[in-house]
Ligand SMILES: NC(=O)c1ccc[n+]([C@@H]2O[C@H](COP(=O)([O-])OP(=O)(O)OC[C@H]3O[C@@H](n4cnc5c(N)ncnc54)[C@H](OP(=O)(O)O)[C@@H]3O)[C@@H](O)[C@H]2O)c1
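What follows is one chain in structure tokens, specifically the form predicted on its own.
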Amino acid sequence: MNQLGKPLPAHAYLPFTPDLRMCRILNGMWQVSGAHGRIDPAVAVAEMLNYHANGFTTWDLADHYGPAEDLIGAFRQRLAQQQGPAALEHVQAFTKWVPRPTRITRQMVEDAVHISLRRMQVEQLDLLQFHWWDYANPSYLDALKYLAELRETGKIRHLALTNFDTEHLRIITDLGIRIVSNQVQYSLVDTRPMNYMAAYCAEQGIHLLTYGTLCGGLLSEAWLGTPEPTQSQLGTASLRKYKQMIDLWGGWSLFQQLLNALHRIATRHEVSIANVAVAAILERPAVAGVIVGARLSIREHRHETARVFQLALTDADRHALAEVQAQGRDLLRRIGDCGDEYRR
């Protein structure tokens, strides 16, 4: 339910797979990893219950996001205590495994999955998103083969990727390894998935889950009309990361033009800049969901975020945004395909 006591509309949810329904805005848990402020675990779990009650039922996390998997476990335990075990059927928790690029054995894969199962207090992982740092080491194919075998045993419901480029996604699917999604950076600043990734995923029936869609919070009213921030004014890892992306794309002056265009659209629709930025990516081909960071126990924005689902962009809105975007640099040429920034 949102702040008005109304449920999120039906189009806020998507049949991600035939057996898994997800909210199209995922609660991102990178923000509990320690780089975005101190998290109070008890308050965080209480906030997670509030997110769930407001209809935001889908969580994105990872084995290396600090206590994220443990928080999911505590949240599930509290939810079952309050509403009964059946309530857990309406929770989706998408975790990741990010091993060092070394020789991968089946035992290593089993151990990693069992740790996530234990921490999250589940018997089956809804979605295991796999990331690999070094394509020159082909052991990622061994890891995926073993993960696919664990999926067949029921330890994993679905297998996915994080930050794989189109070429290596194609290699994996050509080997017959069934992948349901790839998580990539995608925003009005970083549109690299439009070049190759989205078309290939649409062709293969693979979803995109996107992060960085709000540029760490820079795509908001808080930064509209402000001077270019100094490093000390960028108080979180997200702000620092995406300010660098903005610099690569076109700099602070062009970013202000984008914020102004977003502000005009948001004003017409009586929503926020962030709402427009999310809606613009949600409607792109192959995109199943956008991850919006949840700074649990520090700050919450779920009631504002719910307004995304009342927004329908017009062709005039899209044209106004495209005019600004056309002035930016081609990040595909500067960085490479999706995820290549992690392998430079």
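Fair warning: this is a prediction, and the values are worked out from it, not measured in the lab. Numbers for residues come from their place in the sequence shown, where the first is 1.
Another form exists, predicted together with this ligand; not displayed. Remarks below refer to it.
Every residue of T17, L128 and H207 near this ligand in the predicted complex, heavy atom within 4.5 Å:
Not a single listed residue reaches this ligand in the predicted complex, so no.
How about L188: is it within 4.5 Å of this ligand in the predicted complex, going by heavy atoms?
No, L188 stays farther than 4.5 Å from this ligand in the predicted complex.
Counting only non-hydrogen atoms and a 4.5 angstroms cut-off, does R295 reach this ligand in the predicted complex?
R295 belongs to the contact set for this ligand.
Might T57 be said to contact this ligand in the predicted complex, defining contact as any heavy atom within 4.5 Å?
Looking in the predicted complex, residue contacts with this ligand do not include T57, since no heavy atom lies within 4.5 Å.
Find out whether any non-hydrogen atom of Y242 is located within 4.5 angstroms of this ligand in the predicted complex, and reply yes or no.
Y242: yes, in contact with this ligand in the predicted complex.
Between the options Q257, Q92, S220, Q83, which residue brings a heavy atom to within 4.5 Å of this ligand in the predicted complex?
Checking each option against this ligand in the predicted complex, the one that comes within 4.5 Å is S220.
Let me know the one among S181, T166, N163, S116 whose heavy atoms come within 4.5 Å of this ligand in the predicted complex, would you?
Here the answer is residue option N163.
Name the stretch, out of 311-319, 280-288, 59-67, 41-49, where some heavy atom lies within 4.5 Å of this ligand in the predicted complex.
This holds for exactly one stretch, 59-67.
Pull the contact list for 194-215: residues with a heavy atom within 4.5 Å of this ligand in the predicted complex, in sequence order.
Heavy-atom contacts within 4.5 Å come from Y211, G212, T213, L214, C215.
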